[in-house]
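In the block that follows, a single chain appears as C-alpha cells, in the form predicted on its own.
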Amino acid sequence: MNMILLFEDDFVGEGRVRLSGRRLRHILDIHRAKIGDELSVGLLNGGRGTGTVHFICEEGLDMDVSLFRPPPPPLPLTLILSLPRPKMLRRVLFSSSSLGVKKIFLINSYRVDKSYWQTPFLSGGHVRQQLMLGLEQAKDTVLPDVHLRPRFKPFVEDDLPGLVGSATALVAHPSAAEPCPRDIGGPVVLAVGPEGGFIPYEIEKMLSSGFRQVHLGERILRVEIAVPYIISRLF
C-alpha cells in the first residue's frame, strides 16, 4: 500500500479523517507510523496529498489531511477482456488498475467456461476491492469502470461500434500476421481473448467492427502476463 486511499465517510471534520480496519493495520504493521508522521494519501476519485498522524492506537487513527495534487493521467485505453478464471481475473484487475486503465469490459466468448460467470468474485464488492488495491499500489485515486457483458454477439453488435469510434482497435491473436505496435499516440481499444484465443467467428465479428489482429511474438502468454505486456508496448 504505497498510498492510503480515503473515502468521503472517513472524514470526521474539516481536513481530518478517522481510519480503522485494514488500512489501520497496514499503517501500524507496515508503516509503523507514530504521531506526527506523514503518509501519502488520496481521496477516492479526488486529489492526492499527505496525511499527518494526529492520534493512533490499536483501535483507530486520526489524520489531518491535505489534498493538493491531482491523480496521475489515465491511459487512453479501453480494455476488452474475455472473462478469465477468478484467480487470474484478480491479478489482471490489479495490474490494469495500477497501470491506469479506466474502462474495462469483461465479455463472454466461446472458450470462456460458463462457471466463471457464476463466481462470487463478480458480486459483493470483490471487483471493486481489487481495483482499489491497484490504485493504492500506483498512488492513483480514480476508480476504473468495469462492465460485465455475458453475451458476445449483442456486445459486438451494439456496444463495440460506439467504443471504437476513431480509436485504434486491436485484438491480440496468436495467428495474426501483424506484430503488436509500439507507442500508440492516441486512444486504443484492446481486446484480449481467453486461454486458446478467440474462435474464428469471434475474430471475424471484431474485424468487421474495425479491429486489427496483432500478435505478441512466438511465445504464448497467459492473460495475466499478456495484458501488462501489451499495455507496456502500446504506451
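What you see is a predicted model; the values in this text were computed from it and never measured. Throughout, we count residues from 1 along the sequence that is shown.
Keep in mind that the form predicted together with another copy of the chain is missing from the display, and what follows is about it.
- With a 4.5 Å cutoff on heavy atoms, P73 counts as touching another copy of the chain in the model of the complex.
- Using a 4.5 Å cutoff between non-hydrogen atoms, H215 does not count as a contact of another copy of the chain in the model of the complex.
- In the model of the complex, another copy of the chain sits within 4.5 Å of a heavy atom belonging to R182.
- Residue contact check for R149: none of its heavy atoms lie within 4.5 Å of another copy of the chain in the model of the complex.
- Taking a 4.5 Å heavy atom cutoff to another copy of the chain in the model of the complex, the contact residue among V164, V127, L99, V112 is L99.
- Heavy atoms within 4.5 Å of another copy of the chain in the model of the complex are found in one stretch of 119 to 127, 89 to 97, 104 to 112, 150 to 158, which is 89 to 97.
- Although another copy of the chain is not shown here, in the model of the complex the stretch 115 to 148 places heavy atoms of Q137, A138, K139, D140 within 4.5 Å of it, in sequence order.
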